[in-house]
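To begin, one chain is listed below as structure tokens, in the form predicted alone.
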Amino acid sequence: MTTPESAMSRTLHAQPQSGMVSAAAAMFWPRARCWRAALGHGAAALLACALLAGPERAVTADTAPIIIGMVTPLTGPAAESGRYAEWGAEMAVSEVNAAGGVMGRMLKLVIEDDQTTNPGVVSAFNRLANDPAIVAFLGSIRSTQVHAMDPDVRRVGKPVFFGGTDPNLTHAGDPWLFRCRPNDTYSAKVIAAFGVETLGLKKWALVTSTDAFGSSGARLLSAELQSLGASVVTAQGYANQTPDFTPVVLAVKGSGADVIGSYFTFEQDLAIFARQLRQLGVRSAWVGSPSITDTAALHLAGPALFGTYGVADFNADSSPEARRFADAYQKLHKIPVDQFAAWTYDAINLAALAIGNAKSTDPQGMRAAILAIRGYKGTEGVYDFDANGDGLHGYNVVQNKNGKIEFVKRVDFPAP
């Protein structure tokens, strides 16, 4: 559940979780704890905090924190996933700061709530963009939201790391978008090949959102299935936030499909569809886009997703780097890691790497440094940025076994 504090925008210096704390971090953290504790307790508490803080140490351009802005859903239907994304970014900031920061400066994370809506993400991004000290941004994992942000991203002219998987986002001429998940060119290839060649299933029902993400996924998956000699016996589009999927389920049931391919934008929609699918007796195999593996979807759908397959940009068993991150996340948060946390963790580390390589927070210098990243082993895979701003070029195949997501295999493609 989102707390009152997390429901508002906030500024975070992530506290190092281990190791020596730098002088700058040590200077900040007692004051930060004091101010947070004083919030909501009136002017007297705030005054006491100010008196206890003591004189400020002078901050210069060489010691000021490097500020990264982040938009994520802290409220609305995607708030659970937004919390995981926030945790991943905070972990990365903490680790970078514990290692001495970037160019001797601490990272600082400023978060705005996008409210799980397109207008909300535009407003959140613009609130951040109004601060000239912010050098880079983490955008949304929802393609439709990144499309909504895009005009302002171009106007601001600073790097934006994002997780939306619609391929069009990095092929529309915006030089400031850098994707930290594989795009759906690859998800479609892996879903189709696994369903047709591994499972041996050739009669497909497609169930996809009618937004930019789902429409692109449907088009790409249909083309891949056709190239493999499979057929789409029914293609069902739905509007996000659909309360009843009975007509879609009946169309799938009546089509005679032996496998379902899906691109669901929101976990709530996926869970309703999954439950109604099982209630109406449909037992077809199912290979879905990454939302079928999200923690929120598993919570909402429960046994209705048992036995399904999906493609996942993150899985703890896909690499040593993924396993290290998953173990650290589990130790800190006491729950298994979610892929929403993995991409933001990678994004912060990539931003820090680019700033360090560029030796500058100048936008053009950072952009060139990001595009030059090759062979960076992140939690989601090996990052080799191409000229369009896509860093990853493959997916994991996973299966839901009684509620646990288990790794099947990793499929990578050469970077274009």
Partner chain sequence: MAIILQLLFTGLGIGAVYALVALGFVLIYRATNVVNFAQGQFAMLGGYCMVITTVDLGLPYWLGILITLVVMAGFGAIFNLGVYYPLRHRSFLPVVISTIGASILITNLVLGLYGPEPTTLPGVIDFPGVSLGAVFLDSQYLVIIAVTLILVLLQYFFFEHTLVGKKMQAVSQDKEVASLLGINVTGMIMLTFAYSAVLGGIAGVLVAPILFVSVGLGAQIALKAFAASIIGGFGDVPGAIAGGLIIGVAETLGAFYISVPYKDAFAFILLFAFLLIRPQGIFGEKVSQKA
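Residue numbers count along the first chain shown, from 1. Please read all numbers here as calculations on a predicted model, not as lab measurements.
Beyond what is shown, the protein has a form predicted together with its partner chain; the following relates to that form.
Taking 4.5 Å between heavy atoms as the contact cutoff, choose which of 171, 283, 333, 299 touches its partner chain in the predicted bound form. Contact residue from the list: 299.
Among the candidates 295, 115, 185, 242, the residue which, in the predicted bound form, approaches its partner chain to within 4.5 Å (heavy atoms): Looking at 295, 115, 185, 242 one by one, just 242 meets the 4.5 Å heavy-atom criterion.
Look at the candidate spot formed by 236, 251 and 279 and say whether its partner chain comes within 4.5 Å of a heavy atom in all three of them in the predicted bound form. Yes, all three are in contact.
Looking at the partner-bound form in the predicted bound form, is residue 189 within 4.5 Å of its partner chain by any heavy atom? Judged by the heavy-atom cut-off of 4.5 Å, residue 189 is well away from its partner chain in the predicted bound form.
Given that its partner chain is not shown alongside this chain, does residue 275 nevertheless sit within 4.5 Å of it in the predicted bound form, heavy atom to heavy atom? So residue 275 counts as contacting its partner chain.
Taking any heavy atom pair closer than or equal to 4.5 Å as contact, tell me whether residue 179 reaches its partner chain in the predicted bound form. Contact with its partner chain, no.
I'd like to know whether residue 119 contacts its partner chain in the predicted bound form, with contact meaning heavy atoms within 4.5 angstroms. Although its partner chain is absent here, residue 119 would stay clear of it in the predicted bound form, with no heavy atoms inside 4.5 Å.
Can you pick the stretch from 196-204, 264-272, 325-333, 225-233 whose heavy atoms fall within 4.5 Å of its partner chain in the predicted bound form? It is 264-272 that comes within 4.5 Å of the partner.
Stretch 198-216: residues contacting its partner chain in the predicted bound form, 4.5 Å heavy atom cut-off: Heavy-atom contacts within 4.5 Å come from 210 alone.
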